[in-house]
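In structure tokens, the next block holds one chain alone, the form predicted alone.
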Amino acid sequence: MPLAHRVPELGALELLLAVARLGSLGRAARELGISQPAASGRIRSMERQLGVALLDRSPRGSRLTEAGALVTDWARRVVEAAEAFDAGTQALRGRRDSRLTVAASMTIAEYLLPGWLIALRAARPDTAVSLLAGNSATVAERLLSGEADLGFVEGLSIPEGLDGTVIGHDRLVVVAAPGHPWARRRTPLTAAELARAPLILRERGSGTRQVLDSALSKSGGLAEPLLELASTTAVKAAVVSGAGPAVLSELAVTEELTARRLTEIHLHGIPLRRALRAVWRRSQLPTGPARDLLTLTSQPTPPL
């Protein structure tokens, strides 16, 4: 028979210790926040389980039997061991909760995470947060290697070996400098035209590149890139300088579009909407500060 079926539960042992200390089942019940009938039932159940009487009950109170005194001594050691176990696990949680490493794809790292991290800092001022920015493939690698506790990616699906949840959506837009010929177009750009055009692109493995590759797959795929750059900021700077058009997150170009440093090129029939996801190692749900950060992603982000 398993030990759990032969040994009384911890709550019953704590009750027995309280009765021994206070000399009254009623006072012990009140101290532990349970009713006296519930306390009596717990003691009777323990006596049946052990096969010995533990208390002598009288109008003047409850007194330990000889067997009850022995069981109480053993129960004290069990409860002290449980308290040591609890203290140890609390120390482990404290060490885990003192740091958080987040891996995020470039757009989320630059335009969404700062607001979330400010809110996390207010809720957990003692947690040190490290941010590792890269493309979606790199985020997956860092999670799978254990280098990061929680990740954020943009793309078509959850990377292999990870679990995740959608936390929002993003729209990709075609942008060009105001002097580019596309900026003077009066008709939307078609998928075939976009596919044929040399673009300034993010590197392979980025969520932006994945979505664009998929959207243009039926139109012959992407042409040879005009430039291939490793960050959204670099791509944006190249477009503003007039080097050529690009496809970027709407989050990344809002300021430039408002200031008219860039022009959005309207599209016809090209699906460029993508999911933003929080991801973590498969079957390892986020805990501690990672769980708190995940909760914050579903709340409105305060302006920076």
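So that there is no doubt, residue numbering starts at 1 and follows the sequence shown. Please read all numbers here as calculations on a predicted model, not as lab measurements.
Just so you know, the form predicted in complex with the DNA exists too; it's not on screen, but the next bit is about it.
- Mapping the unseen interface onto this chain, R274 falls outside it, with no heavy atom inside 4.5 Å of the DNA in the model of the complex.
- Of the heavy atoms in R261, none are within 4.5 Å of the DNA in the model of the complex.
- Remark: L25 counts among the residues lining the DNA in the model of the complex, judged by a heavy atom distance of 4.5 Å or less.
- The closest heavy atom approach of Q36 to the DNA in the model of the complex falls within 4.5 Å.
- Note on the interface: of 263-271, 66-74, 240-248, 52-60, the segment with non-hydrogen atoms within 4.5 angstroms of the DNA in the model of the complex is 52-60.
- Within 4.5 Å of the DNA in the model of the complex, a heavy atom is found for all three of R30, R42 and S45.
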